[in-house]
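For reference, the chain that follows is the form predicted alone, supplied as structure tokens.
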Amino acid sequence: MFPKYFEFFNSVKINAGENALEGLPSELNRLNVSKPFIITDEGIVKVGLLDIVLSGFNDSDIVIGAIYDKVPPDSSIEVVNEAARIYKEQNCDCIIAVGGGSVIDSAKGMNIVISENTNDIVKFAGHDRIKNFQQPLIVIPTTSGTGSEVTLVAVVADKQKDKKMLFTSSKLLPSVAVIDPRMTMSLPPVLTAATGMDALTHAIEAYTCLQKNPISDAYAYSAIKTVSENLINVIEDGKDAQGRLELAVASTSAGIAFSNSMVGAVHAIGHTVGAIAHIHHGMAMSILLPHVMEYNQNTVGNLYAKLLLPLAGAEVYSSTPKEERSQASINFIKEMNKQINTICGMSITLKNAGVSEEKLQEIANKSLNDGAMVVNPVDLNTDDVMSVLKKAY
């Protein structure tokens, strides 16, 4: 049944496929900018991915204004302020983000600082507090998980308070997303797995949270099917260019879905796990997903049942009794996690991921303050979160 009212918005131009990067100069020309600031991280530079991007400008008159490659695994207030300062000093007129979620979040964060002319990004945290239009932003993702290239969300860490701040605004949507399979070919198996499970979590939560709508459902459903069909193969064979492209497009589709529908308790708890225990976000998603699904099952089991088809395929779906399909979907994800663990060693419990048991209560307490908890299909209190954490531990 359709909701009585819903909104759907995505203004990002998407260029996807082989050699998509070669179109960068024409995109800058279309945006009427010519001095880009490139933000990335040292790992991207080390493996040569930045060189691939820069080669796209070889036959153009574009002048790179500055390259900032100091983004850490988690974006922070200090990073966005420093990047914004260099942008202004070099008189740049647009931003190109080359990287995963932290780089893209940093690009969005520095854009807030620049466009709002502020040194205090904290006061813009929350929903729709950004007033000014942002600088043109082109995003080139190097993972297939965050979907940040098409989302209106940014996450920036406040290290002094040991928490992650969430920023949401349609003004944060990038101008262009460039999806080129060359940018994910060097991603190691464990990161391929973690980011792929992040995309899957985005899609499943988008399909089941309170703010879901029929258009976001279509993107989420497609993403779930594509991740399920390709992730294991790409973990095993990272040079599968077609598989890499399909995972990248699935991540983008999931990003479009949850940017409109939002996510839920998996992300609320996962954000807090990341802030307190500093484990990879995608790994946290993978570990927590089936346990939160089991908590939500009594309310949205009918939706989980429908997802058995894109997850496991027509044969499994048709041979599974209707009343067992919801749990079968959850079991499929548990088995997927075990298979990933066997292939590349990615942890499937919080304990093995290095989370201290003494930190669980703090995680439970702080998770309730995360905005993603609001649209989870089932309310959770501190005891409920602790129950989920203990099962995931």
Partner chain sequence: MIKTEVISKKSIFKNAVVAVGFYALGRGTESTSKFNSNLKGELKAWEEGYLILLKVAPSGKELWLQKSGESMKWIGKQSKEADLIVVFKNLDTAFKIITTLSNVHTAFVQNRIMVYGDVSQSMVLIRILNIVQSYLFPPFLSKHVLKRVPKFSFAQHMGRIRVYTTGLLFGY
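Positions refer to the first chain, counted from 1. Bear in mind that the values here come from a model prediction, so they are computed numbers and not experimental data.
Just so it is clear, the following notes concern the form predicted together with its partner chain, a form of the same protein that is not shown.
Gly301 falls outside the set of residues with a heavy atom inside 4.5 Å of its partner chain in the model of the complex. Its partner chain is not drawn, but in the model of the complex it has no heavy atom within 4.5 Å of Lys225. In the model of the complex, its partner chain sits beyond 4.5 Å of every heavy atom of Gly23. At a distance threshold of 4.5 angstroms between non-hydrogen atoms, Asp128 is in contact with its partner chain in the model of the complex. Taken together, the three residues Asp51, Asn58 and Thr184 all stay farther than 4.5 Å from its partner chain in the model of the complex, as judged by their closest heavy atom. With the partner omitted from this view, the residue of Ala328, Val45, Leu368, Ile67 that lies near its partner chain in the model of the complex is Leu368 [heavy atom within 4.5 Å]. Just one of Lys171, Lys163, Lys306, Lys88 comes within 4.5 Å of its partner chain in the model of the complex, counting any heavy atom, and that one is Lys163. Partner contact region in the model of the complex: 208-216, out of 269-277, 246-254, 208-216, 135-143, criterion any non-hydrogen atom within 4.5 Å of its partner chain.
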